[in-house]
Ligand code: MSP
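Just one chain follows, in the form predicted on its own, and it is written as structure tokens.
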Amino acid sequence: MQKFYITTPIYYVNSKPHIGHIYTTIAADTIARYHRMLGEQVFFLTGTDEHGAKIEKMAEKIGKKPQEFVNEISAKFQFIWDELNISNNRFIRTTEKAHIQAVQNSLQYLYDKGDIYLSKYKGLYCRECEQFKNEKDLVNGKCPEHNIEPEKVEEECYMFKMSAYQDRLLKLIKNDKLKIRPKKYKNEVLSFYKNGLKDVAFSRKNVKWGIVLPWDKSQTTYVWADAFLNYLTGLGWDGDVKKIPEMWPAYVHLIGKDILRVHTSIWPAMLLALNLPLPRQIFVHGFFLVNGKKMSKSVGNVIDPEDLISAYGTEATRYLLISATHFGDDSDVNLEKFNKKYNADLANGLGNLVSRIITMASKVQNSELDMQFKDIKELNSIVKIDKILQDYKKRFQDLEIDIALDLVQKVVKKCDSYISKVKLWELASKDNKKFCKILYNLLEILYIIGWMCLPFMPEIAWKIWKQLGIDIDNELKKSLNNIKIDNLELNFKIKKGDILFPRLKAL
């Protein structure tokens, strides 16, 4: 059985989940569900990053202990993943004892090997990014991500010999042995490498909220060195470099563009130093913008994920976010755009098509008519579904998930157009036999639409199948590779259900 391992970043628990977090996680969930549809052995990892100076300061500011603070925020992530029907196999927290021990074991290995050494670091540090910055990274002397001046830091710490792995990494990235997609981000990384990789601080002396170094208890692990190892510890890795987890390497790390450089320098350099395989691919997506501006609490343009779920429901929220932009690009969004798209694509589109077809079928079905339904000659006149399914699979393999989702709308529009063209509602009285044959073909297409919706909106797929009288548990045991037209059984029974997507009033 083919293995597929996908990860999101582990999210920093300085605040509750925002729209960027849920976008990455819904995208990862969609991809994981697709690979399960193929019958592959899938492992989907997400979680929370819970150490560092920023967490320590925030907890102190509100009068809580760091562990109490991170427990509360991590619980909010887990709650909203449940609300969004996220199918992760594991939710890892970096304050787990097993993770802490594995980090200490692996760093001890690197220290004994000579890849970590004691030195002094002098430079600029952005507390919000939890990253060290070069002067050239700044805009008007400020961190471009957080618009604050980084702190000048000079302290004794342990450094990681990242520079020793520059040439190997550069070659691996150029040759796509470590694939970075979309290509524009590969080019950005190659440009970044032209300046050379420098050794990086791997510990902090004055930060108490972190993993203590096993050989020097006066220092705690730099938060990124701690966090990256979750991709291995989430699989049960204990820090022993001789024991590679069964599901490693990751097929794809999904990340936002703000953490591209560290994921393509520090993390793969750590893996090379640990003599472990690199992930196969790092896929980078953009930001959500509101009227051209990045969402920010200070600007007051933040869209709360809970508001989306409350307004549109879980399934529509998943649809609206994935369809908002080409996967990998930035997207300008607002509630008005979401409302229009909901009504156009879901209420008046998919939902209306399902309702029209099921309503017609529920009025005419009986054993005699069901036998007449069994004729798929009309299918290619409606939509070339086999060709669309091939395109759908290719789009998923290329991680063009928004285009795969758009194919659902393509099928919906072709069905609506065909129904109008043949005036199907009139055929029921004029030519009942032809009416039944066309209707049967439309029901077969609804069955395929269910499969196409499954990774994006699983509950909607189940509702469509239920109305077709399909046993969902048995259906989910099938592989997409074996799905074909002419699936519906003779004498199947339509079970008309509730409206899938009620129309919304304009804002």
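Treat the numbers as computed from the prediction; the structure is a model and nothing was measured. Quick note: we count residues from 1 along the sequence shown, nothing fancier.
Keep in mind the form predicted in complex with the ligand is missing from the figure; the text below concerns it.
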Candidate spot Phe4, Glu40 and Pro249, all three touching the ligand in the predicted complex (heavy atom, 4.5 Å): no
Of Phe160, Tyr231, Tyr222, Tyr342, the one that lies within 4.5 Å of the ligand in the predicted complex (heavy atoms): Tyr231
Heavy atom within 4.5 Å of the ligand in the predicted complex - the one residue of Arg93, Lys437, His285, Arg395 that qualifies: His285
Partner proximity in the predicted complex: Asp29 to the ligand, non-hydrogen atom cutoff 4.5 Å: no
4.5 angstroms heavy atom contact with the ligand in the predicted complex for Asp258: yes
The ligand contact at His18 in the predicted complex, heavy atom, 4.5 Å: yes
4.5 Å heavy atom contact, Lys186 to the ligand in the predicted complex: no
The ligand in the predicted complex: contacting segment from 399 to 407, 413 to 421, 171 to 179, 285 to 293, heavy atom within 4.5 Å: 285 to 293
Heavy atom within 4.5 Å of the ligand in the predicted complex - qualifying residues of 1 to 21: Pro9, Ile10, Tyr11, Tyr12, His18, Gly20, His21
